[in-house]
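What follows is one chain in C-alpha cells, specifically the form predicted alone.
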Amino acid sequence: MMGLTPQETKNLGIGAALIALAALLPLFDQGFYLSISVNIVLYAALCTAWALFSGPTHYVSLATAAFYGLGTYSVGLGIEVLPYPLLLLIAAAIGAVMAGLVGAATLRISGVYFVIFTFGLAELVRQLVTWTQTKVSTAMGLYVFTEMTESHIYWMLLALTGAVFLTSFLIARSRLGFAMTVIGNDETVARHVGIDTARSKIILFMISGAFIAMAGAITAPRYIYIEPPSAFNPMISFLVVIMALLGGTRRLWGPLVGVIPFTIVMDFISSNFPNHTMIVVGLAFLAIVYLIPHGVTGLLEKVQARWKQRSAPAAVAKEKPA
C-alpha cells in the first residue's frame, strides 16, 4: 500500500472534521432534526457498505435486507443475556458468514441471475425467521428494551459510517482494491492475468455484509419491537440501491450525495402521502436509470470533462504568438 498523497491527507482531514462536526448535532436538537439525521446516517452507512462491493464489481446486490435483518435479530435474541457491544460483533460475524456462504454459492454467476438470487435470499431468510418464530416461540416478534437513546444510536451509526468510509478508502488503495477494479472492467481479463476473481469478490462481499449487519444491530433498539416484515423489509434493499445509484458509485463519497436529498424527500412523502411511497420509489428508479445512469457524481464529472475540453483550445490559441 502506497503512502498518502497531500491531497488524500487533506481529504481524510476534511472527512474527520465533518464527522466531528456532525457528532455535535444531538447537543442542539433532540427532536425532528435528530430523528431524520439518524435515518440519513443509517442509509449513508448502508449505501457506502453496499457500494463497497457493488461499486467496483458492478454486481447489483438486493441482499441488504437479509444482512440488515440478521443484525437486528442478533440483538433481539441476545439482548437479555449478552452485553450489547458483544452483540454488535456477533451481528457483524453473522453477516460476514452469511455473505461468505452466499458468495461462495453465487459469485461465480453474474448479471440478472445474481440480482434475482440475492433478492430471493432476502425473502427466504425472512420466511425462515417467521416460520421458526411461530413454531418455536409462537410469537411473531421480539422486544428490544435498552437504555439507549436516539442520540446514542446516532453516534454509533456515525462512527460506523466513518469506519465504512475508512475501510473503503484503504481497500481502494490495496491489492484487493486493484483486483476489484480490474474485475469490474473485465472479469475475463482479470482471470487471465492471474487474479482469483471468486476469492476477491467473496472477501469484499463478506466485509460489506458485516457492515450492513452491524448497522441493523445498532438500529435494533430504536424499533423496541422487531418482527420479520420490518427487519427484513425488501424496501430497504431497493432504497439502498436507488440512493447509491443516485449519488453514483464511482466515487467513495458518491452514495452520500444520493442519501441526503432522497432521505429528506422520502421522509416528506411518507409523512404527507403515505400511500404514494412506492410510486415515488418506482419513478425515482426509472429516472435514475434513464437520465443519470452514473449518478450525480458521474454527471458532474462529465460536465467537468466537457468544460475542460472546451477550455483547452481557447487556452492554446491564447498562448500562440501573434
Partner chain sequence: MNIIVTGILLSGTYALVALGLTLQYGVARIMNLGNGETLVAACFVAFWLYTGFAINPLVGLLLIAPAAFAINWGIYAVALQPLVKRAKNRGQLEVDSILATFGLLFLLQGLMILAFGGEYRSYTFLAERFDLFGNSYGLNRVVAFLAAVLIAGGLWFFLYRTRQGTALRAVAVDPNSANLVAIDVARTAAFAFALGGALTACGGALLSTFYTFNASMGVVFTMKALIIVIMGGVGDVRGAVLAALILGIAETFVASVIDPGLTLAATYGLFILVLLFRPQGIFGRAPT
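Positions refer to the first chain, counted from 1. The structure presented is a predicted model; accordingly, all values stated were derived computationally and were not measured.
Form predicted in complex with its partner chain: not shown, discussed below.
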(message) Test of understanding: in the predicted complex, would Gly120 fall inside 4.5 Å of its partner chain by heavy atoms?
(response) yes
(message) So, Phe145 and its partner chain: in the predicted complex, are they within 4.5 Å at any heavy atom pair?
(response) no
(message) in the predicted complex, does Met206 come within 4.5 Å of its partner chain, counting heavy atoms only?
(response) no
(message) Does any part of Ser271 reach within 4.5 Å of its partner chain in the predicted complex? Heavy atoms only, please.
(response) no
(message) Quick check on this chain: which one of Val112, Leu86, Val193, Val81 has a heavy atom within 4.5 Å of its partner chain in the predicted complex?
(response) Val112
(request) Assess the spot marked by Ala20, Phe32 and Trp155: is its partner chain within 4.5 Å of a heavy atom from every one of these residues in the predicted complex? (result) no
(message) Given a 4.5 Å cut-off on heavy atoms, tell me which of 224 to 232, 112 to 120, 164 to 172, 88 to 96 is the interface stretch with its partner chain in the predicted complex.
(response) 112 to 120
(message) If you apply a 4.5 angstroms heavy atom cut-off, which residues in 264 to 281 are near its partner chain in the predicted complex?
(response) Asn275, His276, Met278, Ile279, Val281
